[in-house]
Ligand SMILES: NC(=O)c1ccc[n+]([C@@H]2O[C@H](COP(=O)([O-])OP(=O)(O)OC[C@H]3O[C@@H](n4cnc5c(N)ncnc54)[C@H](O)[C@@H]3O)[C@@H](O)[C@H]2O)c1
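One chain comes next, on its own, written as structure tokens: the form predicted on its own.
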Amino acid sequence: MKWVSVFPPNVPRFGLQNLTALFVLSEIEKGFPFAVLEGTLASNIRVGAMAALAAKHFAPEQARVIGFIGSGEQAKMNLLAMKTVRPSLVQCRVSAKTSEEEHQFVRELEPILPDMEFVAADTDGACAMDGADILVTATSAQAPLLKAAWMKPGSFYSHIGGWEDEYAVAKQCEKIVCDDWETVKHRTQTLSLMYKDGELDDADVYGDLTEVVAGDKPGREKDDERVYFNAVGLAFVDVAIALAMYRRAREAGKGRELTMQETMIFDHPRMADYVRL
């Protein structure tokens, strides 16, 4: 099980992250929990990893410029993940609600990626995104921030949040790919809204990322095709990550062992001492 809370006001009100998560793993035969793990970092890594997996199959092979609208934890994780699958990236542009947020992004990522040039866009979305090879929107906003005119032929767009781009962005893309289209339909992301408004149907969606990874469908096929990737976030991926975390922790001798229940309640030798009728 993944327990998660998202409180967007945390950032402006308290200067804290807006997402916290825990994992509880239970064995399958009897249902007893065997591990409780911190899940916030894993959640952030999973978002970046899924986007990077899509980029591995659909982004230009020699992508050089990546642009961001949004500068929070998800944006930072996405940059690290994207750089992993596209080491050719040499420039990162970032636009956020305030210049201070942009400069914080640069301060934190520049030492990790010293071979990249960072450009703070002074809250100008066009400056960050126009002409980029890889475009990423990672915000809690509900507005069409990304404009279709900024997405050049041959680019790859990773959509992370809710309603972050105008409908024309998806309509001009040759391929629309999701982590799970059936799940996306019922959410509140741009593609979900387009589906509900009759602006998008099943036939317009190229497929799910799993189909491409499995080799059932090809990834990028033309240099000039625009590709739109939407990841709604799938809990079973988080659970798989949590299990891997648990196994690695055990192998490394990490973690603390806690006793959840020593005995069945009425088998407790002093049960009568605690019952008062």
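Small disclaimer: the values here were computed from a predicted structure and weren't measured. Throughout, we count residues from 1 along the sequence that is shown.
What follows is about the form predicted together with the ligand, which we do not show.
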query: Residue (of 65, 54, 47, 242) lying close to the ligand in the predicted complex, criterion heavy atoms within 4.5 Å; finding: 47
query: Answer option from 90, 149, 113, 141, heavy atom within 4.5 Å of the ligand in the predicted complex; finding: 141
query: Interface membership of residue 19, the ligand in the predicted complex, 4.5 Å heavy atom rule; finding: yes
query: The ligand contact in the predicted complex: residue 161, any heavy atom under 4.5 Å; finding: yes
query: Close approach of residue 145 to the ligand in the predicted complex, 4.5 Å, heavy atom; finding: yes
query: Residue 103: touches the ligand in the predicted complex, heavy atom cutoff 4.5 angstroms; finding: no
query: Which of 248 to 256, 28 to 36, 57 to 65, 227 to 235 lines the interface with the ligand in the predicted complex (heavy atom within 4.5 Å); finding: 227 to 235
query: Any residue of 58 to 77 that, in the predicted complex, places a heavy atom within 4.5 Å of the ligand; finding: 69, 70, 71, 72, 73, 74, 75
